[in-house]
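Read the single chain below, which is given as structure tokens and is the form predicted on its own.
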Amino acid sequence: MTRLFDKTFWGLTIGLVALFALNFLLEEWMRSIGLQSLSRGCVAIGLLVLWRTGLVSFGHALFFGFGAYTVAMLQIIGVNDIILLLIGGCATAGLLALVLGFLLRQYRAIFFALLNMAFSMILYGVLAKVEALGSTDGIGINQVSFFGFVPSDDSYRPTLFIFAVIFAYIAAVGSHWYLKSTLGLMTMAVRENEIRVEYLGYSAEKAIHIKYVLSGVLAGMGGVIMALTIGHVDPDSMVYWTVSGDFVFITILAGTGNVGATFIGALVYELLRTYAFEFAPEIWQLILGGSLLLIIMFLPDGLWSIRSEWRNRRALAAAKSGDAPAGE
């Protein structure tokens, strides 16, 4: 039991309560940044799972866009409750990941990364050409209901924020528990030595396939949240390869040490991009690229490594002062 309810679980729970409280104080533009951070953070958790396995995907906008467009398609046929839309978006993205996983689990390194990008760009081409799917103009997303309840215009965004926080919390806690399970702990083993995993009697390809499906489901969840946040889906903002680059940027920024770090990285990314575009619209991409370069140089393990470094310095200071227990 203590293995499940550890520091990460309680940290995520405290974050959930804090965001519930902040929801009543946030300005609308701040709430919008928060919603987009939660959306991209969910996708980054999926990339974190793959990253720990030694795999990088440059095409996770494929599942992100699939989840977002599922919302639009379901609304067209009359489905408008947020829970049904979330289940639909996660299910279609997960099913797509399941099918593609039979092929992609056979590849590693740059081949895995670029094959994901190739499939993402195939979907982009289809969405951009098919008029029934909105072509390059995209499709508008209507306001949704919450368990049958339809809030007023003033309370719609705060209600959406509460549900998005709950979805992100479930995704983070579920992923954390998975990574602490036997199958989840196998991620590091697969990365270090697949042959030894096979000798232990488990298929490394099957382990990768399961993690790929989980990653696709999380990306689909992020797509659903983003579609409801923006109120519109189109190929350029949902499926294009640069969107996948954003997710990789966030994962590098956050680091793979903790699932909660992905949301911190997503928030930092959103703030950095927003203010860079506002104050330096001609060079905002240069600012983002420079920021990533500095992080790789000085924080190669991401923002979460600051916590580890701080703990190490405290332990070292305690040891020098003679406060550390004997034997440490």
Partner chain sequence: MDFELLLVILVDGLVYSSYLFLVAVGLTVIFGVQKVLNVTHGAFYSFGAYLTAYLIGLWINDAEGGAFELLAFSLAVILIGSVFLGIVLGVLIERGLLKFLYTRDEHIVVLATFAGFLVLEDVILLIWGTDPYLAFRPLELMGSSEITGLIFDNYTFTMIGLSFLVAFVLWYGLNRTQFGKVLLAVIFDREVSMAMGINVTKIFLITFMIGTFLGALGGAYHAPIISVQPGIGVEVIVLAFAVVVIGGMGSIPGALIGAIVVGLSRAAAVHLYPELELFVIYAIMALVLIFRPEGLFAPIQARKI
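Computed from a prediction, not measured in an experiment: that's the story for all the values here. Numbering follows the first chain given and starts at 1.
Missing here is the form predicted in complex with its partner chain; even so, the following discussion is about that form.
Quiz item: Taking the partner as it appears in the predicted bound form, which of 143-151, 73-81, 243-251, 156-164 has residues with heavy atoms within 4.5 Å of its partner chain?
Solution: That would be stretch 243-251.
Self-check item: Among the candidates Ala91, Ala118, Leu98, Val173, the residue which, in the predicted bound form, approaches its partner chain to within 4.5 Å (heavy atoms)
Solution: Result of the distance check: Ala118.
Quiz item: Should Tyr124 be counted as a contact of its partner chain in the predicted bound form, where contact means heavy atoms within 4.5 Å?
Solution: Yes, contact at 4.5 Å.
Quiz item: Taking heavy atoms and a 4.5 Å cut-off, does Leu103 contact its partner chain in the predicted bound form?
Solution: Judged by the heavy-atom cut-off of 4.5 Å, Leu103 is in contact with its partner chain in the predicted bound form.
Quiz item: Is there any non-hydrogen atom of Leu133 lying within 4.5 Å of its partner chain in the predicted bound form?
Solution: No.
Quiz item: So, in the predicted bound form, is Leu271 in contact with its partner chain at a 4.5 angstroms heavy atom limit?
Solution: Answer no; every heavy atom of Leu271 is more than 4.5 Å from its partner chain in the predicted bound form.
Quiz item: Does every residue of Tyr107, Ala128 and Met297 put a non-hydrogen atom within 4.5 angstroms of its partner chain in the predicted bound form?
Solution: Heavy-atom distance to its partner chain in the predicted bound form: all three under 4.5 Å.
Self-check item: Partner contacts in the predicted bound form for 39-56 (non-hydrogen atom within 4.5 angstroms of its partner chain)
Solution: Stretch hits, in order: Trp51, Gly54, Val56.
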